[in-house]
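Below you'll find only one chain, the form predicted alone, shown as structure tokens.
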């Protein structure tokens, strides 16, 4: 009896220690997010209402002046337009190519793992390394792309130093690098589709295209929505490849919102204005994300109605 009582006390002590560990873990997580997420966001929001120039130790309240200034500048509209075009083109290119390669590789009986690995390697490769390699490939005088174009009888292109081509060149590189992620997500979704559906479709005389159109693609709807939403949020914040490949040029032809923010903060030492740009970008992403979620929920409600 005494032994059982001691065992009960030990179990209660153990549960208490577990509760203490849980409290410590939760508090550590709260402190981490407060220090590295909530405080910086709050400080940046506050700074957007100030003339904030750290190198000159200036931090004076100006109200909505920073927001008024950026909306008066043509650079904001240019950067927002470039960001929207970049986001839409790369998102659609990545999604469509990812779906195409996923369907192609999934239909293979052999070599599925090999090709999946090959297409996924660019995703895990450093964006800095990929950007520098593609920048060399786009080199007008010594790059391999112009060499192969000359073999095909096509005149040399200026690529990154041409204002009409620079953004498209960066988008092509980004699609090439990121397609593997969408492909892997689609392949994961395809593994969850029951094989009996395809067997039934084959018995009914469906072609491969009809099976894909009426079975595979509709059942990958959730995967597609996830890829589209995450891609939109990610590519609205594109910076690394723009900075390394074009520096926002030629001129401001490839300026994006994040590069514009970077230039205002570290190029012009206007951190207050840069903070205002950051929250304008945040508002745009939030609006589009909410709209997409509402459209998805509306379609789901109509489907179950």
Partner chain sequence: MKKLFACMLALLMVMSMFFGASAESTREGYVNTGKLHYDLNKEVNNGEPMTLEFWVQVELEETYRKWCDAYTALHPNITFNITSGSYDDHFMKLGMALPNKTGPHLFHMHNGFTDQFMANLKPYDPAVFPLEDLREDYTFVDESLYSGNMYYQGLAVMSCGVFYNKKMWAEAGLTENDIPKTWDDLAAAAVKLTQYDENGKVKVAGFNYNEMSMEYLITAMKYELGSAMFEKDGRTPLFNDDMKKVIEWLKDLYVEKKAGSVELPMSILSFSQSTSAMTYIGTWFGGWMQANAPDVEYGFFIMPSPDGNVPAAYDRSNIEVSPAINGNVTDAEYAVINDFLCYLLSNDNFVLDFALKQYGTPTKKCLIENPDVQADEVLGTTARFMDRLIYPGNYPDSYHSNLKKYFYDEVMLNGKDIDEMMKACKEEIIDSMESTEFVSEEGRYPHADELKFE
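Take the two forms, superpose them, and find the largest set of C-alpha atoms that agree within 1.5 Å; that set is the rigid core. Residue numbers count along the first chain shown, from 1. As the structure is a computational prediction, the values presented were derived from the model and not from experiment.
From this point on, the text means the form predicted in complex with its partner chain, which you will not see here.
Considering its partner chain in the predicted bound form, the lone stretch of 219-227, 197-205, 95-103, 153-161 in range is 153-161 [heavy atom distance within 4.5 Å]. Among the residues 266, 59, 37, 279, the one placing a heavy atom within 4.5 Å of its partner chain in the predicted bound form is 266. Among heavy atoms of residue 249, some come within 4.5 Å of its partner chain in the predicted bound form. In the predicted bound form, residue 67 stays away from its partner chain, with no heavy atom inside 4.5 Å.
Remark: residue 210 does not count among the residues lining its partner chain in the predicted bound form, judged by a heavy atom distance of 4.5 Å or less. Although the partner is absent here, residue 44 lies well away from its partner chain in the predicted bound form, with no heavy atom inside 4.5 Å. Residues of 261-289 placing a heavy atom within 4.5 Å of its partner chain in the predicted bound form, in sequence order: 262, 266, 268, 269, 270, 271, 273. Superposition on the rigid core between the shown form and the other one places the CA atom of residue 54 2 Å or more away from its counterpart.
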